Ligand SMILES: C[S@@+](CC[C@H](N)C(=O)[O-])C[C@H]1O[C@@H](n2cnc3c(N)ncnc32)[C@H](O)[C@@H]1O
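First, one chain by itself in structure tokens, the form predicted on its own.
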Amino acid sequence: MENLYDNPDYYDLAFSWRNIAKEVDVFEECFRRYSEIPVKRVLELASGTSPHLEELSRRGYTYTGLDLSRAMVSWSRAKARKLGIDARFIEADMVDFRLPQPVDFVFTMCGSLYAKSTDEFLEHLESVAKALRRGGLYFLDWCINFEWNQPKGEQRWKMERDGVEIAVRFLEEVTDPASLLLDKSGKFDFVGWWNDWDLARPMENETSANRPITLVRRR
């Protein structure tokens, strides 16, 4: 069976249920409330088909996408050319990477943070710290499992576009809960975490989690 991630067209369709403009609204509210620096340059880790590229560019941000998949990087480069957007794309592992110049904001979406151990997670944070200016934010969507006593989960959904229908089965499994201790690197301060992309719903007040977001800031 082919990996969905090796087929960017189908992957882009599978995750097209998101409201990208509203997500960027939340980014900008985080900038206003919590960033200690102006935000101009942004980096998406595990960027895939770069769904936020067009909206971020339209609002005046310079976009860099980083992904381990050559197919995804090539697809996103072609997308940027088609849209006439000057963006940078890097084929690299999010655990260990370097940028030619630092950015002001880093984000990773839909649980795409991938580290197989605490050591790899700390190496990842070290790479992010080097890529992010002091006072800048690292935004993680659905990367922390707040229902740790339920380590396995499954979701199913269908999407249709231009006569193509795709059925998605998504499995998740926690491999190392300790790797989610963000402060172990000493490079970031915890800012907050909220449920369902709503900054009025801190996780401390929630009884269940639905696409929670977490924000940390570079020291």
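Start at 1 and count along the sequence shown; that's the residue number. A quick note: this is a predicted structure, and the numbers were derived from the prediction, not measured.
There is also a form predicted in complex with the ligand; it is not shown, and the following applies to it.
Interface residue among M72, V103, L140, L137, judged by heavy atoms within 4.5 Å of the ligand in the predicted complex: M72. Among L132, L125, A87, M109, the residue placing a heavy atom within 4.5 Å of the ligand in the predicted complex is M109.
The closest non-hydrogen atom of P51 lies within 4.5 Å of the ligand in the predicted complex.
Looking at L56, you'd find every heavy atom of it more than 4.5 angstroms from the ligand in the predicted complex. Remark: L68 counts among the residues lining the ligand in the predicted complex, judged by a heavy atom distance of 4.5 Å or less. A46 belongs to the set of residues with a heavy atom inside 4.5 Å of the ligand in the predicted complex. Heavy atoms within 4.5 Å of the ligand in the predicted complex belong, among the stretches 185-193, 59-67, 33-41, 158-166, to residues of 59-67.
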